[in-house]
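Take a look at this single chain in structure tokens; it is the form predicted on its own.
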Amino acid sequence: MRKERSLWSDAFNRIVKDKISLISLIIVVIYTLIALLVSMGVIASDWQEIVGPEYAPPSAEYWLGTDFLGRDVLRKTLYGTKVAMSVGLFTCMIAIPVGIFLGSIAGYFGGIIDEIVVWFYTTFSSIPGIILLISISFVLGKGLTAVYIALGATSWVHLCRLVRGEVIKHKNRDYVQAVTAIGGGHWKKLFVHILPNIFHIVIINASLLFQVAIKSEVILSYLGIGVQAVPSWGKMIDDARSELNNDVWWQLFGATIAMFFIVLAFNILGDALRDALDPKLKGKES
């Protein structure tokens, strides 16, 4: 247990010491706080309120201007933060347990179970991701819940592959054989001993999956099959298509700049976590 704690504390210290990684972590925390405050109704709950004339440009009164109905674009952008962060969270909550379970049983038990799982994720990965995502969204219908399920159902393959490969490497190691010698069962060896030793892969994958889910939601909403009744960055970008002809750029700017910072932050943070937690990379540095 001491070694496990030192691994995570070392990773945290490395991120804190690196200015870019630390700034990325702070950005993620800020976006998370915004999403929580919106969920609790503290901010942006009145995004539907008409606050001024239509298409008012950015000013001291309207920081990001107003839309075609006179609604505050800043409030819509903040509400879109809640949508984006919730999509990333629920996608991870669906995809990560599926990827861990299928990958771990395939790698540990092998044989027919491994063949079925490999066939399953190979079939999934052979279909272009965006086409599969759009197809599932059409079947489930429009709305935020459909986006959660569609993204979660299509985002587990990469993690499944990684977990399977790591479990295959770990299952014959000395510490697992020692558990076998004292009478430990398969599930104890797998979930109590092997998975904690490869959990850093799950954390790294989750940070990358989060930002992929955010971008995918924006694409779905932009295409008109994602979020419908509430503001999202994808819907704001879709609305901005016709506005640009009239030199109304601020709704596009608000959505894209909000998405840019969180996607970039998760990318940098994912790389930092990989460098800090991956034993192979740590070994190269030393």
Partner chain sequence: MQIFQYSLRRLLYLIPVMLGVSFLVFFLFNVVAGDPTPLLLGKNASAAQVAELREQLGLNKSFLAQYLDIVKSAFTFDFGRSWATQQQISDIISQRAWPSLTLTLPAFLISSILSILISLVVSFYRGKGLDISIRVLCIALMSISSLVYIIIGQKFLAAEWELFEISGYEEGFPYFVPYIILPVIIWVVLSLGPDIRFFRTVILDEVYQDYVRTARAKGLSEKVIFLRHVLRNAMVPMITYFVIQLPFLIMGSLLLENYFDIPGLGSEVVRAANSNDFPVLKAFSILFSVAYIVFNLITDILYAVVDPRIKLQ
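Positions refer to the first chain, counted from 1. All values derive from a computational prediction rather than experimental measurement.
The next section is about a form of this same protein that is not shown, the form predicted in complex with the partner chain.
Stretch 138-146 is the contacting one of 171-179, 198-206, 138-146, 75-83, since its residues have non-hydrogen atoms within 4.5 Å of the partner chain in the predicted complex. Remark: residue 222 counts among the residues lining the partner chain in the predicted complex, judged by a heavy atom distance of 4.5 Å or less. Contact check for residue 264: a heavy atom falls within 4.5 Å of the partner chain in the predicted complex.
Within this chain, residue 59 is remote from the site of the partner chain in the predicted complex, having no heavy atom within 4.5 Å. In the predicted complex, at least one heavy atom of residue 268 sits within 4.5 Å of the partner chain. In the predicted complex, every residue of the candidate spot (126, 134 and 218) has a heavy atom lying within 4.5 Å of the partner chain. The contact with the partner chain in the predicted complex, taken as any heavy atom within 4.5 Å, belongs to 252 out of 43, 252, 28, 64.
None of 89, 118, 192, 98 but one reaches within 4.5 angstroms of the partner chain in the predicted complex through a heavy atom, and that residue is 118.
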